[in-house]
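First, one chain by itself in structure tokens, the form predicted alone.
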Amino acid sequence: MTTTGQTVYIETYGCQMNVSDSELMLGKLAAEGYVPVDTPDEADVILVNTCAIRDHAEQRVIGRLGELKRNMRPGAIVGVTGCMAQRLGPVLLEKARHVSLVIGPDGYRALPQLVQRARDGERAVETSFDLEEHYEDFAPRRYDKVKAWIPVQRGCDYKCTYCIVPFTRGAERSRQLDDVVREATQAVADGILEVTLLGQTVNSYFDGSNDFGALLRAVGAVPGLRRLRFTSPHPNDFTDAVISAMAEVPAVCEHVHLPMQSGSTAVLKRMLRRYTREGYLECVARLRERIPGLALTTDIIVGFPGETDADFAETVSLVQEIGFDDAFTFKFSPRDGTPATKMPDEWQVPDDVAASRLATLIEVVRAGSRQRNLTLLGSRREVLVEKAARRGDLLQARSRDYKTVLLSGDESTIGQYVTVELTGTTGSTFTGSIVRDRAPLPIAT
């Protein structure tokens, strides 16, 4: 089936895996003749690729679907894809009568046929799991021309009690190492010299023969690849082999996003995180011992059922002891179907208490980040200029250790590696000036 002249717009919510999935969908539809457009009111086909990790994300999508209905062009169709689609299935068709398609993360192979059926007036749902699906024959249409997201694993086997991912993305399965290397090699050939490997617990990767350490070494050896990142790992899966690969492969960047979730062993046990406070600290120590200058960021949940003031104090103290460079912090959001929703009523933390704890935690994280960042002023970093910044005429760049640097420059600098001196900080980001005694290195030849 080949379609000509039809336009498609994909709007993405959630994590980097969703961004990658949107690139796969866009590539699949482009191969069938669909033309990507930049706004939904230009599109014959509108796809909203969704997240289900928190209730707030789902409510945003429901609201957005209403906005799209008011502004879509006559004859256009709307589909919902991704984790929210997987979780709600046919219910979405009832909640939003103008939605024609509901497709889960394993259903994108049939996307062109499902779209055509919707264009013919049929409403369709595809939410079955396919534990063999990695979309190896898809050619992603990448949004970002500077760096590439490459999935190496889909699904998750950990089953943390608060998490909906195992229910929306299924059981864990890993791509073959050679397939990942092939995609990374193609990205470099396309002029992209920074790659991020994606997985729900990416460092538990195992393709039947190769572990994550072997994958880092293989991808890191791709000729021309300059930077290699990964997200998100699990503390339990940092084996000696993985840490050695991180320390020994020059392309691997000195940054790890290491979800902590709580600093209390009691809360971690209720979360079924499968490590203790002490185990997390040990993981951090092993990483820092082998990788000097390692930057650490994390995820933290407050207000989980049963969390006491003492538990929260343990979270604050662990944040201060470790000294994270940054943290994504959240109030607990119950998701239907997860074990956390079945915990006793008396364990529930009042919303005002959770909100107060979140505000306290954010200030602790920001204060620590600000203090550490002030000590870096005057130092130099090699940064990759990624894009125009949201404010002013500045550019946004990022260092190997994941520091965001805003700098003046022409947009022709985007895609180049330059050396900057850090001249100021807001506490979370830096301002910098390009050091002119080193010529910028182009991202592609």
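A residue's number is simply how far along the shown sequence it sits, counting from 1. Remember, it's a predicted structure, so these values are computed and weren't measured experimentally.
Another form, the form predicted in complex with S-adenosyl-L-homocysteine, is not on view; read the next lines as being about it.
(Q) Looking at F330, F238, Y135, F324 here, can you tell me which has any non-hydrogen atom within 4.5 angstroms of S-adenosyl-L-homocysteine in the predicted bound form? (A) Selected option: F330.
(Q) Just to be sure I understand the contacts: of T297, S369, S204, Q261, which is the one whose heavy atoms reach within 4.5 angstroms of S-adenosyl-L-homocysteine in the predicted bound form? (A) Of the listed residues, the single hit is Q261.
Q.
Given a 4.5 Å cut-off on heavy atoms, tell me which of 216-224, 305-313, 157-165, 352-360 is the interface stretch with S-adenosyl-L-homocysteine in the predicted bound form.
A. Comparing against S-adenosyl-L-homocysteine in the predicted bound form, the contact stretch is 157-165.
(Q) Please tell me whether any heavy atom belonging to I53 falls inside 4.5 Å of a heavy atom of S-adenosyl-L-homocysteine, as the geometry stands in the predicted bound form. (A) Yes - in the predicted bound form, heavy atoms of I53 and S-adenosyl-L-homocysteine come within 4.5 Å of each other.
(Q) I'd like to know whether Q200 contacts S-adenosyl-L-homocysteine in the predicted bound form, with contact meaning heavy atoms within 4.5 angstroms. (A) Heavy-atom contact with S-adenosyl-L-homocysteine at 4.5 Å: present for Q200.
Q.
in the predicted bound form, does S232 come within 4.5 Å of S-adenosyl-L-homocysteine, counting heavy atoms only?
A. Yes - in the predicted bound form, heavy atoms of S232 and S-adenosyl-L-homocysteine come within 4.5 Å of each other.
Q) Taking 4.5 angstroms as the cut-off for heavy atoms, does R273 touch S-adenosyl-L-homocysteine in the predicted bound form? A) Judged by the heavy-atom cut-off of 4.5 Å, R273 is in contact with S-adenosyl-L-homocysteine in the predicted bound form.
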